[in-house]
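In the block that follows, a single chain appears as structure tokens, in the form predicted on its own.
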Amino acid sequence: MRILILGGTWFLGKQLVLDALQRGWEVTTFTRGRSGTPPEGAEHIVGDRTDVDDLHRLAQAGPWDATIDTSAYDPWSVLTVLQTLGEGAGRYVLLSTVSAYQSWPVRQVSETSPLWRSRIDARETDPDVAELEPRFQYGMLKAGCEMAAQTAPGGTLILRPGVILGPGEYTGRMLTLFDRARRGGRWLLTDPDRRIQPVDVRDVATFALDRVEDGSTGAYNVVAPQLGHATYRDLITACLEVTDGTAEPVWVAWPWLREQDVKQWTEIPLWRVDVGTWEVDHRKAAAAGLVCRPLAKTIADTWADYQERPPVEHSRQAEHGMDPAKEAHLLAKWDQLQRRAARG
């Protein structure tokens, strides 16, 4: 097959390129050239997806059997890409997100759950978009991207991952967990038995390319199974094991921790109390062939990859982790609470 990847130089985009080349496919990547180059063997066209002249130049390199869009954010840019490439884009594969669901993470979601109300031509700078809270804005824009994707003349495949981990992960979640495991001392944590559904970047790439190859259309939640995959304790245990970390987990009650001004999802990475966070229906993707490797394997491979090369720098990395002084203060408060409870 001959495919175009919008993106392709880091994390999921890079993994898609590597896997496609391994299958013997011809791969063209289109990026601004600011975050490196794609793996050797791919044709790399430098340009901006928001520049119509650049898109017309890209179109001259087509046609393709499929276009995989890993960098869509504004719906109008998806619409512009499709209008410019036309039938040359082939089937259009959009990497969306579970954040496109209006009720995520508050409630369980499946592929039939309502998406955020959006517009096919929405832009991040539009007044009605800019006034939204960031998490609502993100979901609204991604839902709009899905609307725009449906205009593809060659058919549309939409993939909605949740949390993606694995080699090359750049958001700072795994870096923070690894660093904290190695720092030692008492480690403030909570909710050890919470089921979690992170998916390995390599499994996402395999599933995406398999669906490209078999001609699939429609939408799929690309997440790990809800049952039997992993718990939050499994995540922490794996981080301690691969790093030879000496930190001692202190599992405090999550209702108490929620009252202590701790930022969920960031100060304690991947911890969130909303019931729907890790209750995303995976059954449709599983029936279509999604296979998820054990979380411990993902963590081990991510750690090994970090030893060979540091992840790309990204602004989100600074969001993760808790100030050591704040952590020590909270641990002292928890200890005091436990002593009072013991005295009756």
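Quick note: we count residues from 1 along the sequence shown, nothing fancier. All of these numbers come straight from a predicted model, not from anything done at the bench.
The next section is about a form of this same protein that is not shown, the form predicted in complex with a small molecule.
In the predicted complex, none of the heavy atoms of Thr298 sits within 4.5 Å of a heavy atom of the small molecule. Residue contact with the small molecule in the predicted complex: Gly47 places a heavy atom within 4.5 Å of it.
Using a 4.5 Å cutoff between non-hydrogen atoms, Arg293 does not count as a contact of the small molecule in the predicted complex. In the predicted complex, the small molecule stays beyond 4.5 Å of every heavy atom belonging to Gly90. In the predicted complex, no residue of the candidate spot (Trp116, Met147 and Gly276) has a heavy atom lying within 4.5 Å of the small molecule. The partner is not drawn, yet in the predicted complex one stretch among 163 to 171, 129 to 137, 251 to 259, 181 to 189 has residues with heavy atoms inside 4.5 Å of the small molecule: 163 to 171. Though the small molecule is absent from this view, in the predicted complex it lies within 4.5 Å of a heavy atom of just one residue from Thr237, Thr266, Thr156, Ser71, which is Ser71. Between the small molecule and the residues Gly289, Pro63, Gly41, Gly33, the one pair within 4.5 Å by heavy atoms in the predicted complex involves Gly33.
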